[in-house]
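One chain is shown next in structure tokens, namely the form predicted on its own.
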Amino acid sequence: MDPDQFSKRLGSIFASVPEQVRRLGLVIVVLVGATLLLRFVLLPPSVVSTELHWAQATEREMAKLPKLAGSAECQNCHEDVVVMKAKSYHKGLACEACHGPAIKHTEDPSALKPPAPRDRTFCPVCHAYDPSRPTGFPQINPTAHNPLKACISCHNPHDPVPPVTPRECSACHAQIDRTKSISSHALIECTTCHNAPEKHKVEPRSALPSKPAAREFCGKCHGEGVASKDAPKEAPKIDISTHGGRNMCWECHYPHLPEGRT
């Protein structure tokens, strides 16, 4: 096809396109052209260069005076406290997380004394009940837990073990306890399904309680024809050999609220 025929063919195709589409296409072309012109011609490198931005940001931050001294500096004068904290549940918590920036204190200890939280408002920032926190993380209701008493009157912040070993599972597993309290398992003791060693009360993450590992465990109460004296008569019954196939019971039924299904 020679150039004249190609031009005529292209012109006929363009003429067959609705006017609204042609206008829209023209607007798009203008916008793309303006963007490219702005990006590669009109804007200076200082605006569009990522490497330059990184270099300037690094230079700007490096020029700022440091505020944090780091926990290693604290050990120079407070070795006994640092050693105690290193063995406690707060071992991963930086000193300045509670005491604030301390660079000036390390330069001249007499010039500035870091604050030490003494009231009840500071510790609940981490330890007030929040369902998003991991199971077993120490959480309390600040209103009901030892009302009006300062946290440090019972807990040493550098080794915050409770003064009395918790007697009830709800002390650490409040969310689970609240869920179970409104379920059909409300009257079942936690130790019915979990074997918790005594050490679990003081070292909960190293001495873990047991969990049922077989379908037959739930079948002791819910299996048809079970003659166990501990099986309540009102408990729903199923054929444990066929119900749910090979799935474990807790893949469909949450044990602490078995009425709900996933």
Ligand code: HEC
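All values reported here derive from a predicted model rather than from experimental measurement. For clarity, a rigid core is taken as the largest C-alpha set superposing within 1.5 Å between two forms. Start at 1 with the first residue shown and count on from there.
FYI, the form predicted together with the ligand isn't displayed, but the following is about it.
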property: Candidate stretches 190-198, 22-30, 52-60, 39-47, one within 4.5 Å of the ligand in the model of the complex by heavy atom; result: 190-198
property: Close approach of Lys87 to the ligand in the model of the complex, 4.5 Å, heavy atom; result: no
property: 4.5 Å heavy atom contact, Phe137 and the ligand in the model of the complex; result: yes
property: Any non-hydrogen atom of Thr35 within 4.5 angstroms of the ligand in the model of the complex; result: no
property: 4.5 angstroms heavy atom contact with the ligand in the model of the complex for Met248; result: yes
property: In the model of the complex, residues of 200-223 near the ligand [heavy atom within 4.5 Å]; result: His200, Lys201, Pro204, Arg205, Leu208, Pro209, Ser210, Lys211, Pro212, Arg215, Phe217, Cys218, Cys221, His222
property: Core-superposed C-alpha of His194 shifting 2 Å or more between this form and the one not shown; result: no
property: Core fit, then Glu216 C-alpha moves 2 Å or more between this form and the one not shown; result: yes
